[in-house]
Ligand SMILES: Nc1ncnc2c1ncn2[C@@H]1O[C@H](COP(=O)(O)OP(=O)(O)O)[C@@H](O)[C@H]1O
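Given as structure tokens, the chain that follows is alone and in the form predicted alone.
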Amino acid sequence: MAERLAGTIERINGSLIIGKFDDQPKMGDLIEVGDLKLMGEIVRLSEGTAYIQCYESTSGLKPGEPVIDIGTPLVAELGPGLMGQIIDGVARSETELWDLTGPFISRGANIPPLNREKVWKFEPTAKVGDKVSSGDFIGSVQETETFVHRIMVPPNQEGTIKSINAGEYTVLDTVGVLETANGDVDLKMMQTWPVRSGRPIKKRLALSQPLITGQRVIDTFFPCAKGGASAVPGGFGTGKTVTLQQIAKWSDADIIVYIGCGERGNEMADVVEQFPEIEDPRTGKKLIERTIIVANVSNMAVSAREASIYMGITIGEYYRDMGYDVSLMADSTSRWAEALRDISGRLEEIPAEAGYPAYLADRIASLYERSGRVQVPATEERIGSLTLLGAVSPPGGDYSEPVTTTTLRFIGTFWALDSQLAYRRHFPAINWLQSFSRYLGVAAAWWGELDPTWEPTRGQALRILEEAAEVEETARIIGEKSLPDDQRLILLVAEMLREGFLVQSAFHDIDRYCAPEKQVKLLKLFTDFYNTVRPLIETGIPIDQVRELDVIREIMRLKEREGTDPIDAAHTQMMNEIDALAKHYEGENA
């Protein structure tokens, strides 16, 4: 049991409490503030004076009330009972808080993150006499219908299993005893870990597989790797939240951790309402059975907002250590950075650019560095990944502001959302001229097994889109009909790519998810159209006659058709119509 130190409140500055202790507290310790026992954290120390950032509203507090250092930092409780939960930034169950206090959380309502009374059926996988170390599996719990929770030896422990028993236990019950060099250690189904420190790993590995999201513009043009880091910047209304929600719903990750960091309450209400009802395409059960939601809305204290991302990442690392592929969505890191700015201002630190603290880059780097594909420090070889996808909300859509420019240094995929595309109802509004991916080599190897021509086909499609952007500049001045036919063909195919491939409806029963096989064939169809028509244009067939081909309208609707058979049929129709056009033109000129 950690030693508890007592002190008193000297001064109150909004959510910042200045407390005086007779003994020396530790940086980062959790504090019980005032008679209401509000939760806070020490963010600066000056001899016996502690600067405490409170996780709850401080209205009504007064100098002289007690502050108690409980002797431990903010930790995540990790064990059965987390999966499917909706928790706040300090891991309190929001459903249990509702039952306890109603729709508005009462201050000081501190409940443990994991239910202490619920009983779980523990099945041992280790036996007496086994030598085990940090991260080794000792048993399992069937937490949901589709998710098996692996019980692991806590970090930094090793020894011999002295006893272990099957049965029904709470998370605090002892399921076994580990004999170590420093004495016996009780093994429980729950373990804790400080959220601001990354969990230990044995080895960081090269990324080897793309994260398949079912979103064509992401998977095909700007892929993210499992264990990679991506940013989704965009101004108001460009679709950051919907993009992340789509990835959460349809990506091929094993576990989803969705963090609403400072989001508007109505957006988090949509998440909380939708996820329990969405059918998981992988299992046929509910998606919430492999999802954890950290809901920390914008009217909660800034310090809880700042802690929420660390809490979510620590939970993600825990499941990664079990060998699962975890996808973590942080919406949004800008509001997390604003919380850092608010806390820094109250601490009277010298501000840097745009008022953000000088250590902003260090904090963002430490955040994204916790993603990765790693080998877990266990006796058996076990590999897991944590993919971090962060939304960025630059004011006015200005990508030159500090959070966006700093984030660019530490991520591998940049999905730049464009307000002009959003105004034209082009969603996902990812600008193909501003976005990039550093994981193309990883993606090309994976997609190449599906279709050896994937990489050159993707490259040609991107070149058509880039060339069309240049041609459009000229077309605005002299008019499209004044352009030569080869340039008008570029515009036609680019328009077909935009409307028939890049635009994807999140609300269409079929188009909301596009399987890799369908993406490959669909993209190939557009480039085949261009490669087949271009020689005809060069021989003098007018572009206006090409535009009248019936198959163009059919191609544009293929994304809303089930499976790949309609694509094959459209390809046959396309070749027949183009061949007929060529023969007709030859007959006219004969």
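Quick note: we count residues from 1 along the sequence shown, nothing fancier. Treat the numbers as computed from the prediction; the structure is a model and nothing was measured.
This protein has a second form, the form predicted in complex with the ligand, left out of what is shown; the following refers to that one.
Under a 4.5 angstroms non-hydrogen atom cutoff, the ligand in the predicted bound form lacks residue 133 among its neighbouring residues. Contact annotation for residue 428: at least one heavy atom lies within 4.5 Å of the ligand in the predicted bound form. At a distance threshold of 4.5 angstroms between non-hydrogen atoms, residue 276 is out of contact with the ligand in the predicted bound form. For residue 314, no non-hydrogen atom is located within 4.5 Å of the ligand in the predicted bound form, even though that partner is not displayed.
This chain is drawn without the ligand; in the predicted bound form, the residue among 468, 515, 496, 506 with a heavy atom within 4.5 Å of it is 506. Interface residue among 226, 240, 320, 305, judged by heavy atoms within 4.5 Å of the ligand in the predicted bound form: 240. Across the options 231-239, 340-348, 218-226, 403-411, residues that bring heavy atoms within 4.5 Å of the ligand in the predicted bound form belong to 231-239.
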